[in-house]
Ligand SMILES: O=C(O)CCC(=O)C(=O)O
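Take a look at this one chain, the form predicted on its own, written out in structure tokens.
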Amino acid sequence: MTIEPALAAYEAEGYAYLGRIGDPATMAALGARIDDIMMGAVSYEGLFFQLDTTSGLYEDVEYGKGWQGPSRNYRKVEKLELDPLFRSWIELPLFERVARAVYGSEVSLYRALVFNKAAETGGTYLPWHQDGGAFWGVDRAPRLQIWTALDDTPEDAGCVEVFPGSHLAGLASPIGGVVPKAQLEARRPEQHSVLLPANAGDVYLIHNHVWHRSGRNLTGRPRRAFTACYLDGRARCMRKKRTPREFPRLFTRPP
């Protein structure tokens, strides 16, 4: 598969459609596995959980509570590299080619997680934001996320929405995260945005600094997406208050 056109679009626009990479059986297996993890049937020490709101309001998201019992309403489940099915997907040879093209021969993993907008509650509106900045605590900015739809994700399921080219201006604020109101008013991202509906198995490349957001899931069906954030293998954790993180090295066999 030729990856150069997708890489060129990713560099210029901040996102690119890579293709329908996942077959139905693989997506069904990953979907079943994340359900089992959320319901407690499969468990790994070190998994991170964040329960979603029932209001749909981002400001109501609660932090630091972790696992709160079996539920399909977890907004995020992280550290999925601990699971062999998800780890195999992270290290697909195609994704290795993409990651090495962006970072070179040494590639690590910053995070691997499922974003979930549950069928029953519809999930939470996620405002314009960037995935980077001082809050991320690394000495080299992560630039590449490979996003996979585990379910069909039409526009009314809360598909990803991007502001093309916004990554070229760098971070909207040094700390990163939610884009400040003044920047939103100055750049009017909604006037330039592109919706990225997807079918199960579709894969997008997303630059960490491109402005992106997503709405609520109004379909009454699950909306789960798996995203792996790849990192320059030379990157180091900069946090001081806790033990610095170690980032798992990927693709350790010869390229």
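These numbers come from a predicted model, not from an experiment. Note that residue numbering begins at 1 and tracks the sequence as displayed.
Keep in mind that the form predicted together with the ligand is missing from the display, and what follows is about it.
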property	result
Interface segment, criterion being heavy atoms within 4.5 Å of the ligand in the predicted complex, picked from 168 to 176, 78 to 86, 91 to 99, 124 to 132	124 to 132
Contact residue in the predicted complex, chosen from 74, 110, 147, 103 - any heavy atom within 4.5 Å of the ligand	147
Listed residue (227, 193, 53, 26) with a non-hydrogen atom within 4.5 angstroms of the ligand in the predicted complex	227
Contact test in the predicted complex: residue 160 vs the ligand, heavy atoms, 4.5 Å	yes
Stretch 191 to 217 - residues with a heavy atom within 4.5 Å of the ligand in the predicted complex	212, 214
